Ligand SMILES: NC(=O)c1ccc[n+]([C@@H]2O[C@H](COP(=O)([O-])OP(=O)(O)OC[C@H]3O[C@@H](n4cnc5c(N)ncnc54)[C@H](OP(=O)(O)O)[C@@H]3O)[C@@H](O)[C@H]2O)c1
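Just the one chain here, the form predicted alone, laid out as structure tokens.
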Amino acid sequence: MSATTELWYITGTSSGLGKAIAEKVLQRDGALVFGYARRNTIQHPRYHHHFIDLSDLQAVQQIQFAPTTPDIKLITLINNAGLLGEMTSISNIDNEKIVATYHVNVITPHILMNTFLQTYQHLEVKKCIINVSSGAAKTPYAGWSIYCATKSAIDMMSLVAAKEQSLLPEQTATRIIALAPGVMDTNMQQQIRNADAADFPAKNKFVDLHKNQQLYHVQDVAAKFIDVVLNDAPEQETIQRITL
């Protein structure tokens, strides 16, 4: 077996984009993948699963990242896990669902970024953090206040972290990117199509995207995510969007 040269940490690996990214990364020689989700659907000798509810902040704060060896050339964190939250007007939302969704979409990624940087900041190896964003971070949708607000928070969190990293020596700096994957054919899209139009007036837009076969395939998006991680171009923007 070849030596481990890459460490990849990916949240939400039980399905959708997180699973697709993990499976593609595992095709790379020397890549070791750590997945975080309530279920494990990946069986591979270089995949290590951590069963965790990412809305449980006490459990999230116990996550530790692996020690490195001289062979490690790349360390990556992909904060992929996310929830749509309750889709209805602000006056109708259940407060507990607001809290749970912010935990998964904002606080957990923030904690994991913090832990990642505390663990690896000093290392002179290639390091990258990708926070999964959305077009909803910039577009207000009626009935989607939780999702829009949490994704907007992801963008600003990433911009601040990237600014901080730009002030550090280049050899130890970590690239921070907020990456919107576009509209993919996932369970989340099915949730949107099943929403009540009275609660989410933009529903038909997403129904038409599915009907007209305009949704991205998660495997194609996953490949693009890996390309972004491996891209060394210094002019990369912090806020990016996948286009296929």
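What you are looking at is a predicted structure, and each value in this text was computed from that prediction instead of being measured. Each residue number is its position in the shown sequence, starting from 1.
The protein also exists as the form predicted in complex with the named molecule; that form is not presented, and the subsequent description refers to it.
Look at 63-71, 27-35, 49-57, 194-202: in the model of the complex, residues with non-hydrogen atoms within 4.5 angstroms of the named molecule sit in 49-57. Mapping the unseen interface onto this chain, Ala22 falls outside it, with no heavy atom inside 4.5 Å of the named molecule in the model of the complex. At a distance threshold of 4.5 angstroms between non-hydrogen atoms, Leu83 is in contact with the named molecule in the model of the complex. Proximity of Lys127 to the named molecule in the model of the complex: non-hydrogen atoms within 4.5 Å are absent; the residue sits far from the partner.
Taking the partner from the other structure, the named molecule in the model of the complex has a heavy atom within 4.5 Å of a heavy atom of Asn187. Think of it this way: in the model of the complex, the named molecule has a heavy atom of just one of Val132, Ile75, Met87, Ala161 within 4.5 Å, and the residue is Val132. This chain lacks the partner; the member of His217, Arg39, His44, His210 within 4.5 angstroms of the named molecule in the model of the complex by a non-hydrogen atom is Arg39. The partner is not shown here, but in the model of the complex the stretch 139-157 reaches within 4.5 angstroms of the named molecule through a heavy atom at Tyr147, Lys151.
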